[in-house]
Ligand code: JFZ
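For reference, the chain that follows is the form predicted alone, supplied as C-alpha cells.
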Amino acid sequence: MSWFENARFGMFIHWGLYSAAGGCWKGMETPWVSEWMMSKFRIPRAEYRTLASSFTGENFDAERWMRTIAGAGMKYLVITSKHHDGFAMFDSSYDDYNVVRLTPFGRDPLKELAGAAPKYGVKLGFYYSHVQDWNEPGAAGNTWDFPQDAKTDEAFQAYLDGKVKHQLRELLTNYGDVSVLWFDMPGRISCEQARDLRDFVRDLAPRCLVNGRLDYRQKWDFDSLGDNLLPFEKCTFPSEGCGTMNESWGYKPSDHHYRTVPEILKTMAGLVSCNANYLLNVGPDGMGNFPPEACRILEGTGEFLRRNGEALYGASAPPMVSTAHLWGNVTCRGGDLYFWCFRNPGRLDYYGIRNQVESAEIIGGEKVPFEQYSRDEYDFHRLTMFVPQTPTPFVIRVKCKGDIVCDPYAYGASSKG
C-alpha cells in the first residue's frame, strides 16, 4: 500500500461509447450523467451498439494524456476498461463488442497508455464494472432487453465465470504492471463470489490493489468513499474519495458546471487531511480530447502542487481531533504541519502542539511571525501565527522539533482574521 498512500492524487477517466454521444439520444439530452444514458433511455443493446461507428478517437494520444496527468500532479490513473454498458475499451478476445473490433478508431488505448505510463511515473489502474453489464443477459441492469426472471443466480455465476474472469485475465496479463482494479456497484454479488474474484486477481497479479466496491460488506485493500463526498472523520483504513469536475463522469458538452481550481484543491485538502486519496475524474470526448475546462483545472492543480506538493504527497492527518476549519485544512508529514489556507485567517491560534516550533513560512513566500504559549501543568499549548496578506490559496509550512506530539483532544484552530 505504500505507493498508494504516498501518491494521494490520481486521475479517473470515463471513456466509452457514451463519450461519442455526449449524453444525447434521438434529440433528448440525458438529465443525468452521460455514461448512464443507455439505462436512462432504455436503449436496446442493438441500437446502442450503433454508437460505435461515431467513436473515432482520432485525437487520442497516450503520450499527451500522460503528460497532462503528470503535469497536473497526479501519480496514478484509473480508466474505464468496461463500464456498465458492457463495452470493452481494450482488445478483448471475448467477443467483438470492443473498441478495437467495432469502432473506426480500431486501436487499443489501454495498451498505448500502459506503454506511456512508466515514462511519466504514473501508476496504471483499470475500472471494471463486474456486476452491472447491460449487454449481458446474466448480469445486472438491463431489464428492457432481458426479462428480470431470466436473471437467475446460475446465469449471474455463468457471467462471472465467463466474461468477467476472461476479461480480467486479459487486463492483468496483457497490460504490464496493473496497480489497481477499481470495481463498482457490487449490488447482488455475494461475499463468496467477491472473495473468489479477489483471489482470482491475487493469483494473476499479487501486487494489484482491489478497491472496496468489489463488495460493500468488506473494504478489501482500500475503502472507496461515496462519489463527491468527504469523510466525516479521519479514515483509519487506506481510503480514496472520487469526484467529478462538473456534474457528469462521462463527456457531456452541455455540462459547464465546473468546479473552480480552489474548490478542487479544497476537496483535495479535505480528503488528505482525513488520510484519503483524491481520484479526480475527466470525461474525454469521442475523439479523445479532454474538455477545455478540464484542461484549465488540471493546469491549475499542477501549478499549485509544483509549489506545494510536500503538503500532499506522503502527507496524512495531523494527530489532532479536527483537521477542517473555516479557513482551510491541516495535513502533517513527519515534524511538519501544513496549513492549507483558502481564506486568509489573519491571526491563527492553533492548539495542542507540544513540540517546539522552529519556523513558519508560506511555501514559496514570506515567513510567518509566530509565538508559542504553554502551561504544561494543564497540557495547554497554543501556537499563534500572524499570517500576512497574500493571495489564496496558499500553504503555511510549520516546522516542529521532532515528530508531532500533541494533546489529542485539542480541537485545533481558531482564527481572528
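What you see is a predicted model, and the numbers here were worked out from it, not measured in a lab. In this text, residue numbers run from 1 along the sequence as written.
Below, we refer to the form predicted together with this ligand, which is not included among the displayed structures.
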>> Taking this ligand as it sits in the predicted bound form, is Phe87 in contact with it (heavy atom to heavy atom, 4.5 Å or less)?
In response: no
>> Against this ligand in the predicted bound form, would Phe12 count as a contact residue? Criterion: heavy atoms within 4.5 Å.
In response: yes
> So, in the predicted bound form, is Lys165 in contact with this ligand at a 4.5 angstroms heavy atom limit?
Replying inline: no
>> Please tell me whether any heavy atom belonging to Phe339 falls inside 4.5 Å of a heavy atom of this ligand, as the geometry stands in the predicted bound form.
In response: no
>> Within 4.5 angstroms, counting heavy atoms, which one of the listed stretches 167-175, 98-106, 79-87, 111-119 is next to this ligand in the predicted bound form?
In response: 79-87
>> Which residue, Met185, Leu204, Ala155, Ala324, is the contact with this ligand in the predicted bound form, using a 4.5 Å heavy atom cutoff?
In response: Met185
> Only one of Asp227, Glu263, Asp196, Glu310 has a non-hydrogen atom within 4.5 angstroms of this ligand in the predicted bound form; which is it?
Replying inline: Asp227
>> Is it the case in the predicted bound form that Phe4, Lys234 and Tyr278 each bring at least one heavy atom within 4.5 Å of this ligand?
In response: no
> Heavy atom within 4.5 Å of this ligand in the predicted bound form: which residues of 25-40 qualify?
Replying inline: Glu35, Trp36
